[in-house]
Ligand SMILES: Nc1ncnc2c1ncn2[C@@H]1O[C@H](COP(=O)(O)OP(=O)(O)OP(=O)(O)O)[C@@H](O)[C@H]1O
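Form predicted alone, single chain, as structure tokens, below.
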């Protein structure tokens, strides 16, 4: 890959982030512009108000274009929400030719066989990611093309999503004049930004705690093993603070970010109070932290229920990587260690090879934003979702833009 300008849009429940980057080569990415605005019209990762969502997305795109000086025609888009589900499936084909040589078309056949499973009504295949191949009983073959054998098997991670939810998201983005290059499951994108190859090989759980959803991805032996989406995250914590302490939602959100502490066993002064950022609101520091800690303990319990095994030490010897905006809560890594009994670290998205306008991105809240660009840079699997362009008139519209700079 040589010198390619790409854009990505992270459509979250609390923020919309658009990024423009120049992929000069794999491992050499210059961020040219970032546009971040508050999100409107989304709930738990799903569009619930088309007009509000469109306005937020358009504002984010405009800001990224202004900073980068580049017009965005299309973008990679993240997908999340409770409507997403996953399963590991198996496919097998024979190599019928006399030379028994595995060719590219055999890989296509075996992947097609692994995708041949019943999909619930209203859902459609989003990703079909090959985890590893087996050739004549020899497991963990990563590149079977060019090898000889009689039987080729594949283990594939299948991800499905709601047709209507994805269509509404795509419609919102296209209504701003932007085409969708591809759709990427958000925990897969986030993992590109915060996990090391060593962690992927050894076994790791990544938990991206955003505003509306908590996204989970488990990697083993270098491959994706399990994904899940929990429709509980930072928004629910703020809501409980607002209700429990009698605060306006926006004040509760600011107090959570400024003072929330979930450190296990922390001795909190009962008399200490925290003041709101505006309108003179105040609350008990202990009550605030008790609410935040209780909700995060419950969230870790939900994460455990979504994992394919409760034996976390065996499942993920390299531990838990926390990312997403809510991962910034003080003491969250210590609480994670106490609840899951495995090593825990925070995952910040910036890595070697990413440079340019990156100040704002050096935060767990932007793991998905950066990861969407890295997914493309690292030549990961394209989604199985057929994202059709805007048709004849959409194509003409894009051509007019390029010719007349409109």
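Please read all numbers here as calculations on a predicted model, not as lab measurements. Positions refer to the first chain, counted from 1.
Although it is not shown, the form predicted together with the ligand is what the next lines describe.
The partner is absent here, but in the model of the complex a heavy atom of 253, alone among 192, 253, 153, 199, sits within 4.5 Å of the ligand. None of 78, 91, 203, 211 but one reaches within 4.5 angstroms of the ligand in the model of the complex through a heavy atom, and that residue is 211. Annotation: in the model of the complex, residues 12, 257 and 324 each come within 4.5 Å of the ligand through at least one heavy atom.
Mapping the unseen interface onto this chain, residue 336 falls outside it, with no heavy atom inside 4.5 Å of the ligand in the model of the complex. In the model of the complex, the ligand lies farther than 4.5 Å from every heavy atom of residue 223. Within this chain, residue 300 is remote from the site of the ligand in the model of the complex, having no heavy atom within 4.5 Å. Under a 4.5 angstroms non-hydrogen atom cutoff, the ligand in the model of the complex has residue 235 among its neighbouring residues. Here the chain stands alone, but in the model of the complex its contact with the ligand, taken as any heavy atom within 4.5 Å, falls in 212 to 220 among 167 to 175, 310 to 318, 102 to 110, 212 to 220. Residues from 355 to 372 that approach the ligand in the model of the complex with a non-hydrogen atom within 4.5 Å are limited to 365.
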